[in-house]
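Here's a solo chain for you in structure tokens, the form predicted on its own.
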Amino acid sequence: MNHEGRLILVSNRLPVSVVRSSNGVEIQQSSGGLVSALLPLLKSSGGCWIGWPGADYDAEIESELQRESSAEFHLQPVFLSQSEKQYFYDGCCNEILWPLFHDLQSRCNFDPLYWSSYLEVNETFADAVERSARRNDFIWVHDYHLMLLADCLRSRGVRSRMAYFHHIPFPPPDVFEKLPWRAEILRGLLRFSTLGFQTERDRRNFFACLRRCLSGVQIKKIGARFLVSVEGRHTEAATFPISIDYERLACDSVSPEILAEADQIRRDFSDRKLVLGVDRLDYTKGIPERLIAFRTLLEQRPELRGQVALVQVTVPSREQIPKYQECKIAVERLVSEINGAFGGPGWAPVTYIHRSVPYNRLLALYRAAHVALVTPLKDGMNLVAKEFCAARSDEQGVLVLSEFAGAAVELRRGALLVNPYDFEGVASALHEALRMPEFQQRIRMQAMRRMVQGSDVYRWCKNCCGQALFRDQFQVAAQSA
């Protein structure tokens, strides 16, 4: 163990999935670049990850999580009751904070019971942190579910250094001030030692909200970071765009198995040009708007009928929430209408895949696609855009990207940026992408791949924490990737 302290990671979910079978409970590690980057760091510091395991309390689950832990790091579950899942997670997090922070305040349900549950669950997480953390540990909290965690811990006398990273967008004051508990959220965030945001726009919005909602705000720039002083509290804030495990994706995507599967996908579509969308089923991802834009393309460019196909992968998400059910119905109706209006023997304009896709299949789809259509209405970053670039070692393919995705800041030199609400504009960009010469694709893709490679998830970890005591561990984690 590092004598200067361990890393205590806190997030709404643990980096594992609980799978039940006839053999009992099995714990499976979640995939993805973030987990791949953070677990080596946790192990090297002898740290702990605290979060909800995604299941109700069960002694067998708790026992399996203990077995999954080791002398190197520990998994600490926080179990939520049915009412907490209903009012905290489904309610406050997904019917207030999620739509509000994505500039969709008309979808909010400002139920006071939701806020009361949010307070209670943050206290519950604070109980878990207080049991696990030691004086010199570094506590790193992730995302909007736990914005009050530092305030809960500080009120108990915990003085450890605490950092917070905000994975989703931060809204401008005109949107944020609609939150009845706006001052409580801002004051809670200011109890963290360090605040990290995805983009400069998010950081500026946060500062603007501070100035609008609190008095006596002072902000001083120190290098690339800012010192925020409000009501006697001092917090460091900066921008740290999250990324992916570039080397892993780039390497895996050129395996013979992936390349063979990509070739088969192209043959399955009779070598038509493929447009690919990959999203969780969420109204912020702009899937209905994307389908309307694709329909507009087929209406305006009849010569493309039978020559292009949209493959839309939609991973089920939060299906118990009414707004998500409505989104699912809207997507399915549009797919049916488009295929009915434009399809013919041997060709369906839209192939709709409503399930999670295995990692290897996803890489094959990235390799097979001529265009990646990534058009969220608002997104903190959107890692699909970066994954597509990392997978394209052939330097082919075109990225059509929403200007409202955080990734647009870094990928603007190579992507075709669009307004997802402008259906004709997206259709025009799609037409340009489908006709783009290979040499121009190569120039654009090279620029985007350089950007993603130079700012991968390991560099994000190092920049985000910025702690000397973890410097060696970050280097070890990056080298072992």
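Just so we're clear, the structure is a prediction, and the values are computed from it rather than from any experiment. Quick note: we count residues from 1 along the sequence shown, nothing fancier.
A second form of this protein, the form predicted in complex with ligand ADQ, is not displayed here; the remarks below concern that form.
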Lys285, heavy atom within 4.5 angstroms of ligand ADQ in the predicted complex | yes
Even though ligand ADQ is not shown here, does Ala128 get within 4.5 Å of it in the predicted complex, heavy atoms only?
-> no
Would Arg355 count as touching ligand ADQ in the predicted complex under a 4.5 Å heavy atom rule?
-> yes
Considering only heavy atoms, tell me if Ser253 and ligand ADQ come within 4.5 Å of each other in the predicted complex.
-> no
Quick one: from Leu298, Val313, Ala330, Val409, grab the residue that has a heavy atom within 4.5 Å of ligand ADQ in the predicted complex.
-> Val313
Sole residue of Ala364, Val400, Val308, Leu383 within 4.5 Å of ligand ADQ in the predicted complex, by heavy atom = Leu383
Any chance all of Trp98, Val278 and Glu387 sit within 4.5 Å of ligand ADQ in the predicted complex, going by non-hydrogen atoms?
-> yes
Name the stretch: of 341-349, 372-380, 265-273, 81-89, exactly one has residues whose heavy atoms fall within 4.5 Å of ligand ADQ in the predicted complex.
-> 372-380
Residues from 164-183 in contact with ligand ADQ (non-hydrogen atom within 4.5 Å) in the predicted complex | His167, Ile168
